[in-house]
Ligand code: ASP
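First comes one chain, alone, set out as structure tokens in the form predicted on its own.
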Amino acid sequence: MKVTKFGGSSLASASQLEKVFNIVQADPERRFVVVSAPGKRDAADTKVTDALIQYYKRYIKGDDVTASQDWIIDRYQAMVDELGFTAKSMKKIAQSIKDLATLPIENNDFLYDSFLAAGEDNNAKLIAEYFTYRGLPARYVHPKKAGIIVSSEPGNARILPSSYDKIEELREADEVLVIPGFFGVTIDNQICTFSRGGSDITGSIVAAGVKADLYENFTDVDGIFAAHPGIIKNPHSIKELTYREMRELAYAGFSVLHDEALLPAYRGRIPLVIKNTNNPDHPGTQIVLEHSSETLPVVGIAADDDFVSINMSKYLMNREVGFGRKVLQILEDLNIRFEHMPTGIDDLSIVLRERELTPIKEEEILRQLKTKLEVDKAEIEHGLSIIMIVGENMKSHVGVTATATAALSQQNVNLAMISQGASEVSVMFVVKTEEKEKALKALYQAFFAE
């Protein structure tokens, strides 16, 4: 039994929907289909989700929203016309798009989520009807009816553990169930979306809930590459990853799969495969609990931008009890999350994402470090990128870090920091952003040239 999720690019047009239908019909084990909102048909097009954001902005400003409503409705109608069938669901879709402009604006924490979720919700209605029209019995299931009950955290919903019993009941359905991704419903009956890449999370939740044998995530690439194809020409394709490896790679910039999506499937011990809607016969990349055979020490190299480092020095820092706690307390009081914390005996650096800071927060951090902790030196360094080499097999190979640092040295890449966790699944290098691409190419050459 398989749960199959399709991304926005897989559902952008009638021709793509035709491919999706053929994929689902080809395997009777594909009993649950999770869908995103329609993506771009071409580079100049607009995603339905982006159109819904514009609609929302016009509505809260009090502007005329007719053009926004018409564009979104016409987008669904265009797919129906191209597919050549009369969709009864179009009346419901049009009404639901217009009804968004009747929702209360004041004291409505879930208004934005309600607008965003409409893209997936209406696409699921249309796809279920199209499947049935083509002779594959299918039924649209709203997340509330599916049992996807979530926490009341707008834009960052989390599944409630009690939901899984209700989701498991979906196994009893005879037809293919089409479920909109990206959102759930709170106990108070409010639409609440997951964080970015939320349709991946829905697919993972459904797969865990129905105890699927496989969670298929269809996108527009042949699985996962060992490095970013925009930087590395024709990168090596990865056949198999463990959940821990995928988590590290997703964190450090691999955007094929949202890192939060891994959690429900990981806990449910359900293997996952990334496949290509446009090339469904390609085996894709399997994500499993443990490797099925011997692998390379490094399976992938990821890079991500927009990091900053808070650097501080204090003589005899290591002898001061509670120093690290006091530093982290400053960040906690300012509601700042940190990512990494490399240390020396008299030095401490805290790496965090640029979005966590504002000029006022930066000023306050430096002030408190100097006045409360009496550091000798404190500075905040911007324009940093992290590069991670990832592989569970690294711990059984001597010299992986040495190979990496030698490759970077040969290309005159200056390392700001190196960090490795106790699990030895990854090694992180911090470099200046302008040196990121050069560093990534050097590391790829060192580990994958053969």
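Quick caveat, the model's predicted, so the values are computed rather than measured. One-based numbering along the sequence shown.
In what follows, reference is made to the form predicted in complex with aspartic acid, a form of this protein that is not presented.
* Asked: in the predicted bound form, does residue 245 have a heavy atom within 4.5 Å of aspartic acid?
  -> Judged by the heavy-atom cut-off of 4.5 Å, residue 245 is well away from aspartic acid in the predicted bound form.
* Verify the contact flag for residue 254: yes if a non-hydrogen atom of it lies within 4.5 Å of a non-hydrogen atom of aspartic acid in the predicted bound form, no if not. => Output for residue 254 is no: heavy atoms all beyond 4.5 Å of aspartic acid.
* **4.5 angstroms heavy atom contact with aspartic acid in the predicted bound form for residue 123** => No, no contact at 4.5 Å.
* To do: Spell out, yes or no, whether the shortest heavy atom distance between residue 197 and aspartic acid in the predicted bound form is within 4.5 Å.
  => Close contact exists here: in the predicted bound form, residue 197 approaches aspartic acid to within 4.5 Å, heavy atoms only.
* Quick one: from 182, 131, 215, 218, grab the residue that has a heavy atom within 4.5 Å of aspartic acid in the predicted bound form. => Only one listed residue qualifies here, and that residue is 182.
* Asked: Considering 68, 419, 403, 49, which brings a non-hydrogen atom within 4.5 Å of aspartic acid in the predicted bound form?
  -> The residue in contact is 49.
* Which of 411 to 419, 30 to 38, 56 to 64, 392 to 400 lines the interface with aspartic acid in the predicted bound form (heavy atom within 4.5 Å) -> Selected range: 30 to 38.
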